[in-house]
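Coming up is one lone chain in structure tokens, specifically the form predicted alone.
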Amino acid sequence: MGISVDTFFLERNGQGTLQAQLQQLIAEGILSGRFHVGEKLPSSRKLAAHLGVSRITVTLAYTELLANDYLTAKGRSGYYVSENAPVPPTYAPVRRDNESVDWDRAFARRFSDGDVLTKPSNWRDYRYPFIYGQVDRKLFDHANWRLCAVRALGHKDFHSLTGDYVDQDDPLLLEFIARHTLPRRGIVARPEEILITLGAQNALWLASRILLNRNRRAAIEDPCYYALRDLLIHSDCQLSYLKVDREGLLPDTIPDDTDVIFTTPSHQCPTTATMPVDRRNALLSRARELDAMIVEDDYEFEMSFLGAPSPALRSMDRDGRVIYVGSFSKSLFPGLRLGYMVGSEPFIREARALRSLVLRHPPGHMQRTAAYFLSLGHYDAQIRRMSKTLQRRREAIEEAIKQYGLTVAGRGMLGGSSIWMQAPERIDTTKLASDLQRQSVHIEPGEPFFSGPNRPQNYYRLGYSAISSARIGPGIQQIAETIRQS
């Protein structure tokens, strides 16, 4: 008995071509055991009529499955499920209705109780998505990225695609970062002083594991990037929280027993404050006095459209005590998961060894694709395009904030892609964010960025990287009206 055409359906707005969807549908039917060895598939004519597609679409799908040994052809009789097709497991799955594990006892430590700012998966459906760190698809050069990815799949780059780098990185990507990216920040580095990471967060984790233990003290900003704070809490080191003002952290508040200082001087996270040069010099002097290391997270320097970026701490460091962390998440896209860290050779040697133990190296194909995208000039073109657009959006959001009487708590001098806001003290912005979600508005509550038991609840962040200029004004108006009604 053959397989009925009623078993098949396609989503017109689904992922991939209709041919690819049909291939996947048949393959999944075989792998799940719904389609059995020897069963006949519907004729291409009958299935095409049922699905409302061309007959050639069905024929091509069948031909591809035939080549992969999922199907077999029997002369003029048609297509059947092949005897060589993967066979689903015949054993019955074990039911675990009465698990007896005491998880409180089993866990040596917990990681799920930290602060996380949830980003709704359907944020693109929001009318007013003031979401931070996401990509506006209209600004991303998808066509040239695809071409670079295809080039990186070529025979010439076979090793970068398939090889095990062990503890090394793509030499083309290292060369571009050393010769092009870092000099923009005033940094001179050899390839031996650069390590590619799975984003900035991976770099921060590597630095914390190498520089800290339970007997050492780290100083971090307050408010700060919440994931960094939770990461350091789990490292069991001693922690000091340093209040920030409109120019970032204050060097003279760093405790005398500090071993490592974590800072975001170019765009303080989340206030976006820019640390002036004289305070950067004071921070370096304080670190030298304490013989402390500095981890500089320069996560958004490419977005300095309001003025030339200040020199990186690493570029001013003559002692080799600054570890510089950069990322392509904001300038390319967060899903790329590529960042880098720069430090003196002894530190990078240890970071390379630790990275190799945990994940060996970031995927070679992604590194080579990024190297092509950067070296062929597509990256610079995208940065220029993004900077112009973000500047227009920044002007629109500042004008709307002023028009509707909202309060800015912090705005970066150089640009960026967000503004730090302060609501009246009576407002809990976690609740405000929930109320606004029902009105198709997304904002990010500020409480997770603060440390300690009595966290302010009336701050919030407005990102403008993924919302069009035309929607900024109406979105800000909606926020202001909801605050007034709360």
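Keep in mind the model is a prediction, meaning the values are calculated, not measured. So that there is no doubt, residue numbering starts at 1 and follows the sequence shown. Rigid core here is just the name for the largest C-alpha set that superposes within 1.5 Å across the two forms.
The same protein also exists as the form predicted in complex with another copy of the chain; that form is not shown, yet it is the one meant from here on.
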Interface membership of Ile56, another copy of the chain in the predicted complex, 4.5 Å heavy atom rule: no
Another copy of the chain contact in the predicted complex: Tyr70, any heavy atom under 4.5 Å: yes
Contact test in the predicted complex: Ala85 vs another copy of the chain, heavy atoms, 4.5 Å: yes
Contact of Asp291 with another copy of the chain in the predicted complex (heavy atom, 4.5 Å): yes
Heavy atom of each of Trp145, His155 and Pro334 within 4.5 Å of another copy of the chain in the predicted complex: yes
Stretch in contact, per heavy atom within 4.5 angstroms of another copy of the chain in the predicted complex, of 396 to 404, 245 to 253, 372 to 380, 264 to 272: 372 to 380
Selected contact from Ala282, Leu231, Leu239, Ala409, since only one has a non-hydrogen atom within 4.5 angstroms of another copy of the chain in the predicted complex: Leu231
Contact residue in the predicted complex, chosen from Tyr79, Phe328, Phe347, Tyr324 - any heavy atom within 4.5 Å of another copy of the chain: Phe347
Those residues of 164 to 201 which, in the predicted complex, come within 4.5 Å of another copy of the chain by heavy atom: Asp164, Leu172, Phe176, Arg179, His180, Pro183, Arg184, Arg185, Gly186, Val188, Leu198, Gln201
Large Cα move at Gly33 between the shown form and the other one, threshold 2 Å, rigid core: yes
Core fit, then Asp435 C-alpha moves 2 Å or more between the shown form and the other one: no
Rigid core fit then Leu71 CA moved by 2 Å or more between the shown form and the other one: yes
